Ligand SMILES: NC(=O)c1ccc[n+]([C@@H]2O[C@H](COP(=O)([O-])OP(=O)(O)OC[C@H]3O[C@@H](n4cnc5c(N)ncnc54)[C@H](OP(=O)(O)O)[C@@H]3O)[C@@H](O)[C@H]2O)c1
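Next comes just one chain, in structure tokens: the form predicted on its own.
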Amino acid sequence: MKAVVYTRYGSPDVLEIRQVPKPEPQANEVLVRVHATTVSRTDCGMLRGHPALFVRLTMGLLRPKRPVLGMDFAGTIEAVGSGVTSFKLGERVFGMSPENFGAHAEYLCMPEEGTIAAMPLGFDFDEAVICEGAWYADTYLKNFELSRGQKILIYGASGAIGTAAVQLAKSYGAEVTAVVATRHLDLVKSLGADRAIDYTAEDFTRIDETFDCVLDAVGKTTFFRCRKLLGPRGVFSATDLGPWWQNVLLSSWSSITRSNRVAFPMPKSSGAVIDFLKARMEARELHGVVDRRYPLDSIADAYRYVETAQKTGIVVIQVAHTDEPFFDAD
């Protein structure tokens, strides 16, 4: 099978399209023929060699242990291992592989009880590869204990995590203020944001308003810059470690002092996560925002684009041949 392989950390130039052995499903596993996947901020970080020691120990200290990246996938069941009862051949499925990655390939094995589910009706493959961003977003929203009537500000609401966070926050009944660049104002309003702030035109930290929750969905601001936005019991979270790991350190200090001002929750994968996202998709409360589509052979260009930090929503890699024309990525 064809797969995108990297044997050393570096730029997208180190990626290679190779023929590798097609995996075989073991007991209680399914083999997925991948139709669509994504290139995410996580993939780019892993390609470069994530600076966090605990990540490097897992992914490979000096060179990658897992040579194929890619977390999100959507495709069809190609084969099933012994004992599998939840899926049948040809069934359309979607999910993510946060432990082993591997979706940047034509085939991927997944545990039957893993983060995989039947695709919601009415969704195409490239519309279903939204799990990673939505997974991160909902991890933070659940940690906030977000509920109806609460107010949340989402900074960087136009990325994969941000677009999902806006939609999921609205599904919880929250009042959403989205902070984005000028070109994304209409987008976040269409996703349900009650208010959109153009950070290129005004300093969002100086608005005369406070919030129950502030989420930095792109890792480009800090607690110290945003703390004036927090109400008496307001909580700040960010999807990045922050300068000098400050978000982790501040979260630990908040726990020790029980101030609960900064939280840095770690997402946990399970089948229940995908079932929850599927339910939100079926209720039309969550959908993907596709920025660009690339064929698998052009995946290095997709990485280069994601590394510009200018993408909107998700960048899709179309793996299997379809009749749908590719987006002109130029």
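Numbers for residues come from their place in the sequence shown, where the first is 1. The structure presented is a predicted model; accordingly, all values stated were derived computationally and were not measured.
Not pictured, yet referred to below: the form predicted together with the named molecule.
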{"query": "Selected contact from Y107, F144, Y155, F101, since only one has a non-hydrogen atom within 4.5 angstroms of the named molecule in the model of the complex", "finding": "Y155"}
{"query": "Triplet H184, Y199 and G313 all within 4.5 Å of the named molecule in the model of the complex via a heavy atom", "finding": "yes"}
{"query": "Close approach of H35 to the named molecule in the model of the complex, 4.5 Å, heavy atom", "finding": "no"}
{"query": "Distance check, C213 to the named molecule in the model of the complex, heavy atom within 4.5 Å", "finding": "no"}
{"query": "Contact flag, K189 vs the named molecule in the model of the complex, heavy atom cut 4.5 Å", "finding": "no"}
{"query": "Proximity of V218 to the named molecule in the model of the complex, heavy atoms at 4.5 Å", "finding": "yes"}
{"query": "Interface stretch in the model of the complex with the named molecule - options 253 to 261, 176 to 184, 77 to 85, 113 to 121, non-hydrogen atom within 4.5 Å", "finding": "176 to 184"}
{"query": "Residues of stretch 141 to 163 in contact with the named molecule in the model of the complex (4.5 Å, non-hydrogen atom)", "finding": "Y155, G156, S158, G159, A160, I161, G162"}
